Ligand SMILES: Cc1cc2nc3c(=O)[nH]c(=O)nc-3n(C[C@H](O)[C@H](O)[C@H](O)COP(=O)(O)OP(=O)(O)OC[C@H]3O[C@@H](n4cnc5c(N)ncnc54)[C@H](O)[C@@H]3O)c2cc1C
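This document opens with one chain alone, in structure tokens, the form predicted on its own.
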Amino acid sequence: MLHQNLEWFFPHTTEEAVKLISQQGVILHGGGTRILKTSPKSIKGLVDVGKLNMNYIHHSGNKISIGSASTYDEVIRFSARTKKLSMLVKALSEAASTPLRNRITIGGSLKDFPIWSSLYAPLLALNAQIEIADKHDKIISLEEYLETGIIKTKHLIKRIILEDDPQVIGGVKRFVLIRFEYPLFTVAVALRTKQNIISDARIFITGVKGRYKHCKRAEHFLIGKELNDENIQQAKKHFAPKFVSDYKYSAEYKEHAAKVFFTDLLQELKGTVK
């Protein structure tokens, strides 16, 4: 049950919203799905983001900006119209159920970073940047947002910024028993290629010990090489995520499954290298 004296706030500026959420027990409200995972009695106030003009997706030049109030479904429909963001949409279109995809916002998913998130792995692999508002507005990489602990502070995510680079190919794989179930882990790979040679690579996995892992050893191995069967098998040896055992699977089983998913993903990308 929600707090008896729950207050609603409807700010018109991000500055006002940031001041409001600095209060104890006051949180942002976009799609409302966070409340399902929060102790309701701890919530004393909800700050509605509906008037902050953060529900948009803009494509300008080689940049795509996604307002943080955009829902998963809105990103999916944008991709269907423009043929952009295919790697990100691969993960989002399989996340949750249709009613929830109509409610879950991009900003809310980033701020909460639930362990089952399908959003983080592809965004990290795509080297996404985010604009946040706290005392000052600033743009930082999503990886820096996690590594520096900013995610744990009180702030507002305004937008996500992605580069639209035709030389980048990528893919995502989620380990689930049924399609809309929470993924046990999500693997994402983005490769920049030129004349069949990998010039840059970004490989991430979420759902692991520590929530996420930047797989730098596998990246370093692939850079400067062709994506062929031999190199894929060698890259697998450098891909070593660590898991925690649970009531369903041992850590060893999950590591084995992740390696299989990783090599399958590289095999799928092999046929698209230019």
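Residue numbers run from 1 along the displayed sequence. Keep in mind that what you see is a predicted model, and the values were worked out from it rather than measured.
If you look for the form predicted together with the named molecule, you will not find it shown, but the lines that follow are about it.
Answer option from Val208, Ala218, Ile232, Ile27, heavy atom within 4.5 Å of the named molecule in the predicted complex: In short, Ile27.
All of Lys84, Leu126 and Ala188 within 4.5 Å of the named molecule in the predicted complex, heavy atom check: No, the candidate spot makes no contact with the named molecule.
Contact of Ile160 with the named molecule in the predicted complex (heavy atom, 4.5 Å): Looking in the predicted complex, residue contacts with the named molecule do not include Ile160, since no heavy atom lies within 4.5 Å.
The named molecule contact at Leu119 in the predicted complex, heavy atom, 4.5 Å: Yes, Leu119 is a contact residue.
4.5 angstroms heavy atom contact with the named molecule in the predicted complex for Leu100: Result yes; Leu100 sits at the interface with the named molecule in the predicted complex.
Contact of Gly108 with the named molecule in the predicted complex (heavy atom, 4.5 Å): Although the named molecule is absent here, Gly108 would touch it in the predicted complex, with heavy atoms inside 4.5 Å.
Residue stretch of 111 to 119, 136 to 144, 197 to 205, 160 to 168 approaching the named molecule in the predicted complex, non-hydrogen atom distance within 4.5 Å: Partner-contacting stretch among the options: 111 to 119.
Stretch 153 to 172: residues contacting the named molecule in the predicted complex, 4.5 Å heavy atom cut-off: Heavy-atom contacts within 4.5 Å come from His155, Leu156, Ile157.
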